[in-house]
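In the form predicted on its own, a lone chain appears below as C-alpha cells.
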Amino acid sequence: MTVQNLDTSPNLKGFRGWLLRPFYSSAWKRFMKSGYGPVGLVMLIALIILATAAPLLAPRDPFSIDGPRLSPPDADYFMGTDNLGRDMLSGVLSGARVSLLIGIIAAGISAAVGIVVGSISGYFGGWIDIFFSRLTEVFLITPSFFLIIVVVATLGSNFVYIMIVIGLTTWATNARLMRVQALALRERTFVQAALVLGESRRRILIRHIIPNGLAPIIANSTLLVANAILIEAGLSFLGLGDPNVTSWGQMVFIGQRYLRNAPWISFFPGLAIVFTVMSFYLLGDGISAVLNPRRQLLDE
C-alpha cells in the first residue's frame, strides 16, 4: 500500500521526492566515476577555503603600497609586488573572494531568470511561448560581452552593477533548456493528473514543472559561473572593473605593461583565473554525469 502511494503521488516525483529517495549513494558513485568531476570538486573546495580565509592568510593589505616596486617573488613577497609595491599574494587571495562572489551571484540571477522565462514559455505555449522565444533568441544572437560593456560603460563599473548585468544578459541558454523541459513535462501523466484533480496551472508550474526540470539548469549553471568569472576578468582587463575591489582581471591588465621585466604581475592572477574556471568546468562535467539520464544509462 505504501508503495502504491509513493508511485501515484505527483508530489514525490518532484524535487522534494527526489531528495527523499535513496539517491545519494548512487549519485555519488556516478559522480566519482565521471573522472573530471572529483578533480573539479577538490579544486573548488581548495579555492573556497582560500577565499574564505583570505583575510587571515593574506600577509598584507592588498591595497597597501608600502612594499618595494616590481619586486620579484622571494621569501618576503611570495608572488612578488606590482608597480605600486602592492603584495601580489594578498591581491590574488582577495581577488578569489571577488571572483567567486561575482560568478555565483551572476549565475544565480541567470538561472532564476532563465527558469522563470523558460518554464512559463514551455508550459503555457501559444502567444506567450512565441513572445518569450523571440526574446530569448534576441539575447542568444546578441554578443553578451559587448552588450555588457555598453551597459557597464553607461551605468558605471560598480561591483554590484557588474554582477547584475552579467546575470541579466546570460540567462538565454537557461531559458532554452527550461523551455524544452517544460514542453516535455507538461505531457507527463502526473502533470495531467494534477490538472484533472483541480490544481491551478500556476500551482502545477511551481510544484511540478519547475522542480522536475531543474537538472540541466543545475549542470549549466556551473558553466555559467565560470563564464561570469571570465566576463568580469575581461571587463577589468579593459579598465571597466570596479577600482574599489581587487580583481584578477585588473591585476592582469596592470601587469601587461610590465611583461618583459615583471611577468609575475600578470602570471599569478592569470593562473588563478585558469584554475578557477577549470574547477567549475570539471565540476560541471561531474554534475552532468549525475543528472543526465543518458549518461546514467551508459555508466550502468
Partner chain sequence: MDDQKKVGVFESLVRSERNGISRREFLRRGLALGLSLPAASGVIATVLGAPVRVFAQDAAATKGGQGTLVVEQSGDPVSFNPNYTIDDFGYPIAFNTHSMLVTLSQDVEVIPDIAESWETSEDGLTITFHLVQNAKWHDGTPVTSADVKWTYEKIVSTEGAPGRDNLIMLESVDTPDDYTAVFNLSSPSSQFLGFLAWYATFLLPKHLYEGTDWSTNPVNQTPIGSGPFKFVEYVAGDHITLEANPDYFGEGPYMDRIVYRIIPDAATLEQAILNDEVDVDISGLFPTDSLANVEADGRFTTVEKVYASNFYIVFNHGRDITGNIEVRRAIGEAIDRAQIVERGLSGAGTPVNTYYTPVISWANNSDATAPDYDPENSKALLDEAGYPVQADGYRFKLSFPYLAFGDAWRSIAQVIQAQLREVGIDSELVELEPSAWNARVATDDNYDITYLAGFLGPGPGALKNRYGTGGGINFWHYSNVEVDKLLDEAASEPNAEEATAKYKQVQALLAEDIASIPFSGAATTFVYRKEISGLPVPGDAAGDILGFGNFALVQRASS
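Remember, it's a predicted structure, so these values are computed and weren't measured experimentally. Residue numbers count along the first chain shown, from 1.
Absent from the display: the form predicted in complex with the partner chain. The rest refers to it.
The closest non-hydrogen atom of G125 lies beyond 4.5 Å of the partner chain in the model of the complex. Within 4.5 Å of any heavy atom of the partner chain in the model of the complex lies no heavy atom of K29.
Contact between G85 and the partner chain in the model of the complex is found at the 4.5 Å heavy atom cutoff.
Under a 4.5 angstroms non-hydrogen atom cutoff, the partner chain in the model of the complex has G67 among its neighbouring residues. Considering the partner chain in the model of the complex, the lone stretch of 177 to 185, 117 to 125, 154 to 162, 88 to 96 in range is 154 to 162 [heavy atom distance within 4.5 Å].
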